[in-house]
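Only one chain comes next, encoded as C-alpha cells, the form predicted alone.
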C-alpha cells in the first residue's frame, strides 16, 4: 500500500490533473492520495495559496473584495470545466469560501488559516470527483474525518499523538481516498495549518499512521540533486539517501522535500520516494533509514541565507558554571530559537534566523545579555549564510574538512565559522551571504 502526495505544480491545471489520474490508475497500490493547492501554470502565474491570502487580507468586518474571490473561483472553474466535471462543484466551492469568511470574519489569524487551507481542501474535492469520473472508486476524506487532530496554534500546527490511532483505520477503507494536505483540526474544532511544506507533512503523517509500504512524493523534478541545479549545470542526481542526510539538506535549503515532513516516516521506517509527475517512469530518489555508501562520501551540498550571529566574549567564560544555560534561557524568554552554537574558551556565538531579531528584539536581547551575564562584549553580525556539506560517508573518510576549506580558500571565500555535529553527517560553514553561491559551487566541484 502506498500513500502518494502531489504538489502544487502537479495540480496546477486540468492537464496536470490528467497526468496525476494516469499515475494513480497505473499502480493499484496507490490507495491514499494527498493533494496540495493548485500551483503555478507558468512562471508569472500566481499560486492558489497566494490568491487565497489576498482574499483573506481583503476581508473587513462588513465585507470582502468580490474581485479577490472571483480570481480564486476562476482557477477552479477552469480546471472543473476542462475536466468535464459537474458544474455544481463550482458553487459548492464558492459557498464554502463564503461560509468560512462569515465564520471567521472577526478573527484575522483563524480566517487566514481557514482560507489558506481551503486551497488544498477544495482541490481534494475536485480530485476525488475527477478520479470518480474515470471510473475509479474514489472518495474525498476531510482531515477531520481522517483523524488529523492537531495543536491549536494558527499557522504552526503539530500533530497530536492520539491522532495516529484513528489515521490507522484508513487502511480498512475501500477504494482510493483523497485527503487534502496542509492542515488539520484542533480539539476546539478550528482549522489549523502546518508550517511551510504542510502538504509534505500531511503525507508523511498519513503514511506513518497507516504504516504504508512507501510514501511517494510527486513534484516537478526527476530526482533530488546533489546541489541546486540553478547553480551548477547537469548536477549529479541522488539515487538514494538516508533520512538524516535528507533532514540536513532540507534544513539547509533543499525545497524538494521539507525537513519537518521527515519525522513521522522516520519513526515508522516508511521509505520515501521523490518522483516527477511529468516523468513518472523515472526512478526518482529514495529516502531510507540506512544505505551503503559507495564512492562519494558527500551526498549533497546546500545553503541558506538570512542568518546572523550573536557573538559574546567574557574572560573565563569556561569557568562560569551555567553561563550557556542562562544565555539560552534569555533567548527562550524572548521566543528565539537558535540554529548553532560554536564556542571557544572565552567566547560563544549563537546563530539565529535574522528575522527573529526584528521589531526591537535585537536591542532587548543584547541589553539582557549585558545586564544579566555581565559580558565583556556582545555584538550581532548580520548577512550570514550557512553552507552544509552532507554525507553519511564523511565520518569514515579522512580529509573532508581539508578538501572543503581548501576549495573555499581557492575561491577567495572567508570562512566565518565552522561547526560539525557529533554524528559527522554534516559540516557547516558560515560565510558572507553575498558569497554563498560561489561557496556552494566551489565545494560541489571539489567533491564531485
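Numbering follows the first chain given and starts at 1. Model, not experiment: these values are computed from the prediction.
The form predicted in complex with another copy of the chain exists for this protein as well; it is not shown, and the discussion that follows is about that form.
*Asks:* Pick from 125, 94, 340, 110: which residue has any heavy atom within 4.5 angstroms of another copy of the chain in the model of the complex?
*Replies:* That would be 340.
*Asks:* Give me the residue from 240, 259, 362, 222 that has a heavy atom within 4.5 Å of another copy of the chain in the model of the complex.
*Replies:* Comparing distances to another copy of the chain in the model of the complex, the residue within 4.5 Å is 259.
*Asks:* In the model of the complex, which of the stretches 312 to 320, 76 to 84, 95 to 103, 364 to 372 has residues with heavy atoms within 4.5 Å of another copy of the chain?
*Replies:* So the stretch in question is 312 to 320.
*Asks:* Determine whether any heavy atom of residue 248 comes within 4.5 Å of a heavy atom of another copy of the chain in the model of the complex, and answer yes or no.
*Replies:* It does: once another copy of the chain is placed as it appears in the model of the complex, residue 248 has a heavy atom within 4.5 Å of it.
*Asks:* Indicate whether residue 51 is a 4.5 Å heavy atom neighbour of another copy of the chain in the model of the complex.
*Replies:* Contact with another copy of the chain, no.
*Asks:* Contact with another copy of the chain in the model of the complex for residue 136, defined as at least one heavy atom pair within 4.5 Å: yes or no?
*Replies:* Flag for residue 136 set to no.
*Asks:* I'd like to know if residue 421 sits close to another copy of the chain in the model of the complex, meaning any non-hydrogen atom pair within 4.5 angstroms.
*Replies:* Although another copy of the chain is absent here, residue 421 would touch it in the model of the complex, with heavy atoms inside 4.5 Å.
*Asks:* If you check in the model of the complex, do 329, 346 and 417 all have a non-hydrogen atom within 4.5 Å of another copy of the chain?
*Replies:* Yes, because 329, 346 and 417 each have a heavy atom that approaches another copy of the chain to within 4.5 Å in the model of the complex.
*Asks:* Suppose contact means any heavy atom within 4.5 Å; which members of 385 to 420 contact another copy of the chain in the model of the complex?
*Replies:* Result: 388, 395, 398, 399, 401, 402, 405, 406, 409, 413, 414, 415, 416, 417, 418, 419, 420.
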